[in-house]
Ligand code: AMP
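This document starts with one chain, in the form predicted on its own, laid out as structure tokens.
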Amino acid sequence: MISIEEAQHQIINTLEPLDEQTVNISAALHRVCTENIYARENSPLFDNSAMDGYALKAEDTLNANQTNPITLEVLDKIPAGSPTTHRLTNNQSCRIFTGAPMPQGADAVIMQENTEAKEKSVEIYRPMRSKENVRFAGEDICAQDLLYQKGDILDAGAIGLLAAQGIAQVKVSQRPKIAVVPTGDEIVELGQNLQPGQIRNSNAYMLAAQVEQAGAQNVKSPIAYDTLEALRHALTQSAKNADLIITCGGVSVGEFDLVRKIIEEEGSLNFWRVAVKPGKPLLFGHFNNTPLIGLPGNPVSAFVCFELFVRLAIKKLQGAKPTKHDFEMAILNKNVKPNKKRTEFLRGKCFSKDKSRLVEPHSKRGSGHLSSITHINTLIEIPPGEKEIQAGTYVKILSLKN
């Protein structure tokens, strides 16, 4: 067996990022930048009001209070999108609305709740500070600021920011095409009647969802039944259309575990078996020059190994940086007995309580307990050892992507 870190290292260092393409920002969500993106203009573009109220000179309000209001002349009403030609002099103001450009000469905006409007004037009931309630040009972003770097993943906020900057197209890496190949005579597709000893093709749907969640494209493959011919056909077809093949099942030591056999005999095997629980029989190799990660058939093993290994492979194909997991720390709220030889990743839920970050392992730990991967938000790393890990101990956790 090799270590988790060595398995991840071999996968990441074997793969190469895919070519780039130019897409509209409407198609750029979860895509990875292949160039640095710089701001084209200041944001905001101009000084504007942060709220509805009155634009004025702060110095005119120094002595204002509830019993002694200051009265200012109102020159104009300025809605958003309609600049004024007026320039304020002493004891003048303009009615203004959120986002509207500030009139020349004004340096503050008073909330309308602190005023009382008259016919052509307004009474001010509190003193103002210069720059109060004003958003100044470039205070958020200045032209030529670096917005996103090569390797950054574009999220919903990024799409909004690019649109605000007038950037309609971006260069991103291609979305990796991932073929999910389920294996085994016992598997049947949804909608078919189960015969004794059969199970539904749930792993393929779960992994396809994880693939899409990681920003890649799922390439649907037929079930590869337990013959070398069926498996060879499925892998050959997948290798034509995919940047990475994921098999599910067939990587252990049984008579019908044919994935390892065909990779050793007809492809190339980088490694087989990793010191991880669940997921020990994980495999990495190539078939027809297409990289292949062989996941165990147990659903929890497949789910966990996808998060630990396949997600990193997809990030590398996307050219995303960094290609490593971002572990955090949390406090166990239950005792946990570790595995003696392998690092175990328990499924659990992280939550906050009394200003502390706690994590609760799922009550079920078996690799076939599909319910243990529902209603969770984290994987809990439990290093190998002999002694029970006590509640209150800090542990490393890996947050799961939503």
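The first residue of the shown sequence is 1; numbering continues from there. Just so it is clear, the model here is predicted, and its values are computed rather than measured.
Although it is not shown, the form predicted in complex with the named molecule is what the next lines describe.
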Verify the flagged residues Ile187, Gly249 and Asp257 against the named molecule in the model of the complex: is each one within 4.5 Å by a non-hydrogen atom?
-> yes
Pick from Ala156, Ala168, Ile199, Ala80: which residue has any heavy atom within 4.5 angstroms of the named molecule in the model of the complex?
-> Ile199
What is the one choice in Asn298, Ser173, Gln210, Thr115 with a heavy atom within 4.5 Å of the named molecule in the model of the complex?
-> Asn298
Which of these stretches, 103-111, 199-207, 147-155, 120-128, has heavy atoms within 4.5 Å of the named molecule in the model of the complex?
-> 199-207
Taking heavy atoms and a 4.5 Å cut-off, does Gly319 contact the named molecule in the model of the complex?
-> no
Examine Thr183 and determine whether its closest non-hydrogen atom to the named molecule in the model of the complex is within 4.5 angstroms.
-> yes
